[in-house]
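Have a look below at one chain only, the form predicted alone, in structure tokens format.
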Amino acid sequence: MEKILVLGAGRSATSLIAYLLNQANSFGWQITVADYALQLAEDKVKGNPNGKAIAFDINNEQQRETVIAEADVVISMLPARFHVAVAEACLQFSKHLLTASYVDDDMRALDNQAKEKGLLFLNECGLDPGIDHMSAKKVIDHIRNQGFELRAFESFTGGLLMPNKEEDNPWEYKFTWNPRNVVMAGQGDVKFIQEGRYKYIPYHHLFRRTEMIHIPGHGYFEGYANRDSLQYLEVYELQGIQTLYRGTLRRPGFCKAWDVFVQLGATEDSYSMEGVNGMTHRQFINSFLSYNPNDSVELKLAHYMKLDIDGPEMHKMRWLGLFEDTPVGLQKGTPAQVLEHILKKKWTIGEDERDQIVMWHLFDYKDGDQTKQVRSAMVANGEDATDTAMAKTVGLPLGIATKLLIQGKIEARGVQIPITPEFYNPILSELETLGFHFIEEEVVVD
């Protein structure tokens, strides 16, 4: 009996745990779900005879070693900062490890040790990173295998809400993943290549440098650049490519409104604000504006940001309740933390709301004298606030990879990401049977 340990039972682990328990019924696996909140783990196991829920504290070294020693395969759905501690225990007890998180330098440093012990430490096997890797690399490899020259690769992914005409939400957005990551998005180095030249976007210009993307059947989206596209030169073996750009998708109008927060300094995370325990939403916004006893906060903001007082950006701010005398509800915090807390009040997804994942790739290549493009798109919809599209696209690739590993269908060892055929072919194939389809079209560019 194969024993699979899932560390973390949060929202993103929902579909993973359900998939593993369903497969356990066929293969006789034992699934242990471990979380700091025992009730949360029990809710995910749902009394399945092949499942077990336990209370787990990642900071308890003895417990960490005990539960990992009893497993055959470990899947970490914990925050990324804990993965290396889990990985070191997996090395100690010779256990395979799978995560959906980005590989960092500390994890990468364990590559040789994992290979020496014949272990797979698979990372970035969820959504952005994960399905984006696999779907992109499959097309890139296909183009190259035909002997064609790849000139450009662009890729965008967005975690959004499903369109709902009955919902009065001018942002057309709510949190479908870590709220802090949304508030902090774009901070850091933004680098990419465009027509053979390196390009850089400073944070204060990022949300003004957007592009419109049309996906047939789903309408228009706006995209802004992710932090460092250049790291994929090596990951995808794209040295010499003319254009390399990865970005994030939002509904049209989102970025211009979000830029208001950026320009104000409301996403700053380097200092703590004073008087947060007595601050209201209105006072939070006013704290970034100049003093003028004769003008309202609304008028000062519109003037400072050169906005129409009755325009769409100001409407979005009003909808969030930013001009109301509602207490923030925090004792202390940085501007970014205060903003996140305010946004959660209106951007927390409701039980009857459905999220949506949108992914779009563009491949531009030379076929003799002709320039051709492949455009690939996937749109996935959630069921409700629990069975979300985000949870499915993060968790299902991990579940499928775990099954393939146990069945001996994955030979790779060491620290890996799923960019080779032994990963992407079977995982994408099973995802398609589960309803995750990529629609591809090829066109000749004049």
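Note that the structure is a prediction, hence the values are computed from the model and not measured. A residue's number is simply how far along the shown sequence it sits, counting from 1.
The discussion below concerns the form predicted in complex with a further copy of the same chain, not included here.
The candidate spot formed by K199, S272 and S287 is fully in contact with a further copy of the same chain in the model of the complex: every one of the three has a heavy atom within 4.5 Å.
Contact between F148 and a further copy of the same chain in the model of the complex is not found at the 4.5 Å heavy atom cutoff. Within this chain, R209 lines the site of a further copy of the same chain in the model of the complex, having a heavy atom no more than 4.5 Å away. a further copy of the same chain in the model of the complex comes within 4.5 Å of a heavy atom belonging to L264.
Residue contact check for N164: none of its heavy atoms lie within 4.5 Å of a further copy of the same chain in the model of the complex. Heavy atoms within 4.5 Å of a further copy of the same chain in the model of the complex belong, among the stretches 113-121, 200-208, 94-102, 359-367, to residues of 200-208. Screening K191, K372, H341, K138 for any heavy atom within 4.5 Å of a further copy of the same chain in the model of the complex leaves a single hit, K191. Scanning V235, V84, M305, L330 against a further copy of the same chain in the model of the complex with a 4.5 Å heavy atom cut-off leaves one residue, M305.
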